[in-house]
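Okay, so here's just one chain, in structure tokens, the form predicted alone.
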């Protein structure tokens, strides 16, 4: 008698997919040292922001502290990144400022995604007058450069961290709407969508229960890449005096405060500038690596 091997349980399929994705991720990381560098930079930034009061040598220097007897001291064993115009430790202010930069970036991305993704999904799935109206509004926002738009909004309000987040999010949702719109257009004719329609699922259920989960990969990559750009845009606003106001240790504001002391007190602008540079490059490298890992999924 010929024996028939039992079929593998259905529960093994998600496990196999997870194992395959993990194998691909490990192979991509092993073959891409730049992705590893980007991941370590991002991880370091998150850890620094989370434990800033314990990492900073002088955490009190993040506030309105004056130490004129230590004014403009160059980098030394006591103050690794030197001191600023009123004697505050620059390293401590950079470490504490990581909280502002990262919180701004995360809040902007979350707000932009919550606004843009549903609008893009609705525009693509519904189509017709509804979709055309949403995308025409989207194009109007996209026609204005992000920095110009944000500058106009922040200049009309009192500069602060909430205003910075609001202004950037108001400019950034358009990219998520456009991304979701393009992805949903290519997915809404797939067989799993037809099957959902046949089973009697509502449009809301199909759009957000069936199609939206398939955007997870592209949204993860997009948000990772955007974190660096938002940090850069937030630092640009701080440099122009339209971000969080002193004594807040915002990186762009620190660069602006030190530019008048160049080239003598070079550390005032160099180290905050390097912090911005490292954050932007780190998130871009890590985002590109995630794109290689997640983009190869079937």
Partner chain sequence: MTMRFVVRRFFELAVVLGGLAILIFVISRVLPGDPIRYALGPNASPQQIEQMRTEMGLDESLPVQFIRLVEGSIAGNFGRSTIPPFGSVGIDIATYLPASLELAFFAMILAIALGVPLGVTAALYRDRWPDQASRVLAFSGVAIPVFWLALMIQLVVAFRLGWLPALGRIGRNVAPPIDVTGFYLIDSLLAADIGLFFHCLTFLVLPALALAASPLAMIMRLVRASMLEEMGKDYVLTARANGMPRVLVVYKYMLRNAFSATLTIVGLLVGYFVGSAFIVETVFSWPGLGRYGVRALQFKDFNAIVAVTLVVGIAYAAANTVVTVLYGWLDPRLRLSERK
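Computed from a prediction, not measured in an experiment: that's the story for all the values here. Positions refer to the first chain, counted from 1.
A second form of this protein, the form predicted in complex with its partner chain, is not displayed here; the remarks below concern that form.
- When contacts are judged by a 4.5 Å heavy atom cut-off, residue 243 does not count as touching its partner chain in the model of the complex.
- Interface membership of residue 130, defined by any non-hydrogen atom within 4.5 Å of its partner chain in the model of the complex, is ruled out.
- Taking the partner from elsewhere, residue 189 is found to have every heavy atom lying beyond 4.5 Å of its partner chain in the model of the complex.
- Contact between residue 270 and its partner chain in the model of the complex is found at the 4.5 Å heavy atom cutoff.
- Annotated contact segment (heavy atom within 4.5 Å of its partner chain in the model of the complex): 152-160, selected among 152-160, 115-123, 100-108, 67-75.
- For the options 147, 218, 85, 212, the residue carrying a heavy atom within 4.5 angstroms of its partner chain in the model of the complex is 147.
- Along 127-150, residues 136, 139, 140, 141, 142, 143, 144, 145, 147, 148, 149 each place a heavy atom within 4.5 Å of its partner chain in the model of the complex.
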